[in-house]
Ligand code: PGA
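Single chain ahead, by itself, as structure tokens, in the form predicted on its own.
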Amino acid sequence: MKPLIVANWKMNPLKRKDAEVLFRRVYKGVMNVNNADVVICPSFVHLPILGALARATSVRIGAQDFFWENAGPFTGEVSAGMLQNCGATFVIIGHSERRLYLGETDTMVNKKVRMAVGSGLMPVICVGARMRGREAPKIIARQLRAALAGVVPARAQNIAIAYEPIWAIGTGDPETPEGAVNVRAHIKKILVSLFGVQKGGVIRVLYGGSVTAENAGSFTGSHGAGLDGLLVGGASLKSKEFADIVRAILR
């Protein structure tokens, strides 16, 4: 399976024109990459225009969040169908910033995961502990099992898991490759226990947290820790840096 590189633009950029320019520059940097899946996740307000631009490219579009109901009196929320109508095929679920700042719980994450797989969106499910230490694997296991509760193996093939240690996000202090490969093995073991070797074994496990072009290759590929891709935050807002990250993991 191809490595998966997901750009999380978070609440950036401010203007639609700047989002268009950034997308075009990113695409120019990765347009010749055929052996990786590249996904850009802009804010909701930029989804329609970038979804239209992406149709003529190899880059896919995702969303940073959504709601677990199709329609109804849910002020401020966005449904899976709305995302798909804008061209989105991926959605980030359970990002640590949503858990921390918006009180998103494991139960809410699970509702979103089940809606995503039922609607045909490909979820990128985020898990990770706030601190280093012996409790981290237990926290990750709890988050992962809770997120995937009720998901049947037949629906699991399009899921990706993003390991994002909270202490590494935006700090410039990434996880070590050795630590990342240990967590990947821990996550894979849980996935196989839930879905079996055939389904759980092929689910991609990504790393996210202070990813740069300099360290990207140490987490992925045959010369790195062997993870299946990356979830990139701040560096994805710099088109050259992001293109260098994509190229780095394919070496």
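Quick note: we count residues from 1 along the sequence shown, nothing fancier. Keep in mind that this is a model prediction, so the values were computed, not measured.
What comes next is about the form predicted together with ligand PGA, which is not displayed.
Answer range among 50 to 58, 178 to 186, 202 to 210, 32 to 40 for contact with ligand PGA, defined in the model of the complex as heavy atoms within 4.5 Å: Checking each option against the 4.5 Å cut-off leaves 202 to 210.
Work out which of Pro153, Gly170, Gly81, Gly150 lies within 4.5 Å of ligand PGA in the model of the complex, going by heavy atoms. Selected residue: Gly170.
Heavy atom to heavy atom, is Asp106 within 4.5 Å of ligand PGA in the model of the complex? No, Asp106 sits far enough from ligand PGA in the model of the complex that none of its heavy atoms falls within 4.5 Å.
Give a yes/no on whether Gly234 approaches ligand PGA to within 4.5 Å in the model of the complex, heavy atoms considered. Gly234: contacts ligand PGA in the model of the complex.
So in the model of the complex, does Lys238 come within 4.5 Å of ligand PGA, heavy atom to heavy atom? It does not: once ligand PGA is placed as it appears in the model of the complex, Lys238 has no heavy atom within 4.5 Å of it.
Sequence order please: the residues of 1 to 30 with a heavy atom within 4.5 Å of ligand PGA in the model of the complex. If the 4.5 Å heavy-atom criterion is applied to ligand PGA in the model of the complex, 1 to 30 yields Asn8, Lys10.
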